[in-house]
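One chain comes next, on its own, written as structure tokens: the form predicted alone.
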């Protein structure tokens, strides 16, 4: 099983992947992680019936024929406990979040009243029982599951963890990732300038893609095209959960990555994918490590990361939604398609008459990294397509950060 379609290759990768073990992390470090345990409420919240508004707590029967004049028997602020019970003809001035006193069955907003004196108020409208009262346990009830295992921890979920006084929580472990570039033609970031070399952009582009998922990878550097050195570097990488190897996956006589990986016990699942860019894409496994052989061309490497590595890393970290979101857009100009492979075209996204429009970023060569630096999405051209004309609907896979927009949108 060496040459696969994109879909078959994705299925092969994800069928091999499972979430990692659990770890306990402090609340302040849980954002972006996935819960590995059910979180239960440790109390009723609110702990008693509370007012939803600033106003007056009263008996709804007393204002059935509003306007009505009532005696104010006490003031109740949030954090106070009522000292008196509301009787017929009485009310209590109450603040938002304060407990509703005994005898009262409704709250009326201060806007619907008129002060007559410090101790008397006129109620101008009738209300029904339970008006503007938040019931005890409305937010959560003691013992109920408020965040099930598998929940992606958002800012709202962090707030819920704090609400139930969880200073730490069990989450799925994030994978440990190593990145290795290969090839004598590469020039390291801190190496002396050499016009005959190719700067190692792949390591850092991949680093950023991994970092965007909340994972801090280790950069192993550049492995030379020499079997012993390559073996040493790959052995280091196989100590991690995931090893990303950039370059050396082609079929040239000096591409030693595949035989060296196999000699180190890596079982290769596939070595080619019917896609453009990214045809020389490989995937293999050991008992403890998942190995992705990514193409040496920088755009190919990044596109393959989006299709195969990103879903795998998210699956390992416990996420159930593992793929980038896709949207439908109108194509701004014709796009040719000559190959029998699925093609990913880098595009910018804009709006015309409230319709999302996708515009290619320019030349789409697999070595033109600028096309990826500009891109907000990847236009997916199916392998069976003979090209797409301007104005046709297309599917665009969003890239990191592409879900933001200049204006708020909507009628606020």
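Numbering follows the first chain given and starts at 1. Predicted model only: the values in this text are computed from it and were never measured.
Separately, the form predicted together with a small molecule exists; it is not shown, and the next lines address it.
Using a 4.5 Å cutoff between non-hydrogen atoms, residue 152 does not count as a contact of the small molecule in the predicted bound form. None of the heavy atoms of residue 232 is located within 4.5 Å of the small molecule in the predicted bound form. When the small molecule is considered in the predicted bound form, residue 209 lies well away from it, no heavy atom lying within 4.5 Å. By the criterion of a heavy atom within 4.5 Å, residue 185 is counted among the residues contacting the small molecule in the predicted bound form.
Contact with the small molecule in the predicted bound form, judged as any non-hydrogen atom within 4.5 angstroms, is confined among 141-149, 103-111, 157-165, 201-209 to 201-209.
The single contact residue among 90, 260, 307, 297, judged by any heavy atom lying within 4.5 Å of the small molecule in the predicted bound form, is 297.
In summary, among the residues 237, 318, 217, 247, the only one with a non-hydrogen atom within 4.5 Å of the small molecule in the predicted bound form is 247.
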